[in-house]
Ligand code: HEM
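There is one chain below, alone, in C-alpha cells, taken in the form predicted on its own.
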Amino acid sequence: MSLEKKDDYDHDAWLKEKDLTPIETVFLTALVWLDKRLRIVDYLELLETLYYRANLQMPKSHTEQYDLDNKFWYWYPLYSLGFLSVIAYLVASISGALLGFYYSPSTAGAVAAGDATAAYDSVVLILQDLQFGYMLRSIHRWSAQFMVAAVFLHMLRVYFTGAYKEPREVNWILGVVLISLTLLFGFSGYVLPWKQLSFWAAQIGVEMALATPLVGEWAAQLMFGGFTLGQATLVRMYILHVFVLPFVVTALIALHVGIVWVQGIAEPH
C-alpha cells in the first residue's frame, strides 16, 4: 500500500473511509504519523526494492530447467569470476598504492641501453631492503595476473552462455572495453621496472603503434613520448598506470556492476 506524499493530503479522512480492524487502524495510524515526519514509507519501499533485486542476482537453478547437469561451463563457480576479478583489482590497487611510496619513475643513471636506472634501483630496493617488500610486490604482481586471467575467463563464460545478448549487449561492450583496459594496465605496469624485458616490451609497443594505419605516429608520440624510448616513455607509462587507468577502470567497473545489479544474472541461452 502506498501513501500519498502531498502535504495537504488528509490521511485521517483516508483512514476513516477504509473498513479496517482496530489493529489495522492502529498500525496504519502509527505508520502515517511516522511517515509525515520521517518519510518512512519511502525507505520501506527502497528496502523492498533492494530485497527483490538482491534475490534476483543469484543464479537460478537453470541446470534442471535446461538439463545442464553435464555441461562443464555452467558450474556455479564460473558465475563468480566477475566478483573474483573485482577482488583481484582491489588487492592490486592497494598493494600498488603502497609500492608507489618507494618507486621512482626515472631513467637517471642510464648511460647506455642496459644500464641500471633509478626506476630499476627503486624496484631492487623494494625487493631487497624494504621490510616485506618482496611479499608486497609479489602480491601486486600475482593479483594483477590473476585479474587478467579471471577477466578473460569471465568474458568466455559470458560468451558461451549467451549472456551478451539483448538486453545485455551494452554491458558486453563495456566488458570488452574493460578487458582492453586491463591488458593496458598490465602492459604499463610491465614497463615500470625499466629492466631489459620492460625496455623491449615498450619497444614492441612503439612498433605496434607505428604499424597502426593513419594514427600510428600520433599514437606513438602520445603513448611513448616519441619513436625512441627514454624518460618521456617511462613517465607516460607511470602516469597512465597510476593516475589515469585507476580512475577510469574504477568508474567503468562501478557502472558495469551497477548494470548487472539492475538486470540480474543472465540465464544461459
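Note that this is a predicted model, so its numbers are computed, not measured. Counting begins at 1, following the sequence as shown.
Although it is not shown, the form predicted in complex with the ligand is what the next lines describe.
Asks: Among the candidate residues 130, 86, 184, 139, which is the single one with a non-hydrogen atom no more than 4.5 Å from the ligand in the predicted complex?
Replies: Of 130, 86, 184, 139, the residue with a heavy atom within 4.5 Å of the ligand in the predicted complex is 86.
Asks: Just to confirm, with a 4.5 Å cut-off on non-hydrogen atoms, which of 91, 118, 155, 98 contacts the ligand in the predicted complex?
Replies: Checked against the cut-off, the match is 155.
Asks: Under a 4.5 Å heavy atom criterion, is residue 149 part of the interface with the ligand in the predicted complex?
Replies: Residue 149 lies outside the contact set for the ligand.
Asks: Residue-level contact is defined here as any heavy atom of the residue lying within 4.5 Å of the ligand in the predicted complex; does residue 178 satisfy this criterion?
Replies: Residue 178: contacts the ligand in the predicted complex.
Asks: Would residue 103 sit within 4.5 Å of the ligand in the predicted complex, counting heavy atoms only?
Replies: Output for residue 103 is no: heavy atoms all beyond 4.5 Å of the ligand.
Asks: Heavy atom to heavy atom, is residue 168 within 4.5 Å of the ligand in the predicted complex?
Replies: It does: once the ligand is placed as it appears in the predicted complex, residue 168 has a heavy atom within 4.5 Å of it.
Asks: Can you work out whether the ligand is within 4.5 angstroms of a heavy atom in all three of 144, 193 and 238 in the predicted complex?
Replies: Judged in the predicted complex, none of 144, 193 and 238 sits within 4.5 Å of the ligand.
Asks: Across 240-263, which residues bring a heavy atom to within 4.5 Å of the ligand in the predicted complex?
Replies: The stretch touches the partner through 253, 256, 257, 260.
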